[in-house]
Structure formats: structure tokens, C-alpha cells
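Consider the single chain below, provided in C-alpha cells and representing the form predicted alone.
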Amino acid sequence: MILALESSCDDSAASVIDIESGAILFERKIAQNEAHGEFGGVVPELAARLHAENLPKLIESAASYLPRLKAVAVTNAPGLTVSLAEGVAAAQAISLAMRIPLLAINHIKGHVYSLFIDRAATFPLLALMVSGGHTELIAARSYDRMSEVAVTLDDSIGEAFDKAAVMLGRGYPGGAVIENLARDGDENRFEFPLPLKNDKRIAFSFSGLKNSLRLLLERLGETDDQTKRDVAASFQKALFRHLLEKTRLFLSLGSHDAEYFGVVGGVSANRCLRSAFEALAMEFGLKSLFAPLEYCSDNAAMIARAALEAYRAGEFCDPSNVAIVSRISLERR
């Protein structure tokens, strides 16, 4: 078995996967939403302190599996440096104490493999990663062959959702808040500009939309609940329209050989987004893939699933010298 730890941002998580069958035998997560809510976003130092408290609890919960471990895996990049460090330190301790190999797992690869929990991976694949920390389009041919084909130039879509929720007075985190508000709103009531409209680059940008939302709310002043729902729906429509337009532009170039199109990351739990990209994949003759809702946000099961591939390939690292990298994601294509 492999024990996997995830602490790239503000969720502490652990999972155990069976090497032979690929079945997830154990998983548990301790979220920090309540602790960060009053600040309107993740506070790195607070996140690290809570990881230091929560990771030992998670490992203790998995104690019955420890004697049968063949390796320990941990997210080492990308993410918040102080948060990654807590997970890496825990994995190093287990590796050295139990004399088992250590696997350093890229968080983005973990999200791609959230599409394949409890089943075989299918490639070639295009994957849209949409979360609080990332917005990028990934071309994947195997575990070892993944590259970015488009990234955000500034903020992530998840961060835009979070800030929108705060501006609307609904707190943090914002993804589910905006989705729920938008469900009963008029998405055509307010018009937002389309980012990078005349820019031929395959890239994403969300800072301008956030500023447009701020200016709209300042102009509206005090708003009733229905207006807030309409604002949320219109804002969500603009975010998704931008994602769709840039992804459609890439697909229309025909510079890929993908058979599948997947959407991963916390924002991929949004049902409106799923429906829109399922239709887009169908438009280009691609088979659409989505992670189960419980595996959209950060979790250790996806790290365990990616670690299974790394274990089979023998990609072990020196447990006394694990690189912690905050920003690097995948190779740029």
C-alpha cells in the first residue's frame, strides 16, 4: 500500500491506496474553511500551523495500514511553501522511520488523476484545471508527459469566485456561494467585458472581471437579494464564457491529438460549468471526463492515484532532500 499526504494549500488530507488493485482503502480530509473565513482567503501562516496539528491526526487515523506500506507519497509542488513544507516533513519522517521510499507528487498531476480514481487512466487527454490556485489547459499523453498549453496571466478563476463572494457580502470560500446565488439569478441582466477578446493568445485572465464587478457594485450601491443573485449569475456567465472561448480557440487550431477532454479542480464541481464543457467536448468530437464531486477539491486520494503511477515507474526521491516548489507547475508547450 501507499500512504499519500496532501497539504498544498489549506486542506490537510491523507489517503491509502492498494498497489495491486488501485483501490482507495482509506481517505480523510480536515478542511480549514472556518479558520480562514474571517480573513476572506487563505492565510499561509495559519494554514501551516493547522497542517502541523492536523496531519498527525490523519496519520494516526490510518495507523492500521502503516505496517503494510511500501511507500509514502506527498505533494511537493506547486502550492503554498509553508503548507507544502508541513506535508513533506511528515512524509520524510515516515519514510526515514519505516525505511520505505518516498514519492514526491506534483499537485497538478494529482488533479489530472482525480479523473481516474478506481479505474485505468485514458490518454491522450486535454484537461482544464480550474481551482482557487490554478487555471490552465493541460495536454497529457501519460503520467510523465504532461505540459501546459494555456495558463492564466494573472488570477485564477477560483480566486475570482472567492473575491466575488466577499464583495457580495457572502464570505469565503466563494465557489459554491456564487453557484447557489446564480441558480436563481438572471445571467443576462448585467453585461461584463470578455477578457482578452481581441487577443489571439491562448491564455486566461480574470483580474479585469474582478475589477468590473467591483465597479458595478459601487455603482449599484445597496442591493437587494435578487439583484445579488442577478449579479452572481451574470458574473459566473462571464467567467465561463471566457474559459469556453479560449478553450474553443485552442481546439479549433487542431494542434492536438486528444481523444478525451477532462475538467478538474475545485471549480469543476460547478454543474453549469460541467454542462457547458460537456457540450464543448461533444462539439469537437471529444469524450468528456469529470472527477466525482468529492474529488474535485484538493484531496489525498488523487495524490495517491498519481503516486501509484510514480511507484510503478520507480520514481522515488531521496527522503532527506525533497524539493519544495511553490510556483512551478508543468512543462510549458
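Treat the numbers as computed from the prediction; the structure is a model and nothing was measured. Note that residue numbering follows the sequence shown and begins at 1.
What follows is about the form predicted together with a small molecule, which we do not show.
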G110, G262 and P292 each touching the small molecule in the predicted complex (heavy atom, 4.5 Å): no
Region of this chain that lies against the small molecule in the predicted complex, out of 262-270, 59-67, 277-285, 43-51 [heavy atom, 4.5 Å]: 262-270
In the predicted complex, A93 touching the small molecule (heavy atom, 4.5 Å): no
S83, heavy atom within 4.5 angstroms of the small molecule in the predicted complex: no
Heavy atom of G132 within 4.5 Å of the small molecule in the predicted complex: yes
Heavy atom of L244 within 4.5 Å of the small molecule in the predicted complex: no
Answer option from A176, L249, M98, L216, heavy atom within 4.5 Å of the small molecule in the predicted complex: A176
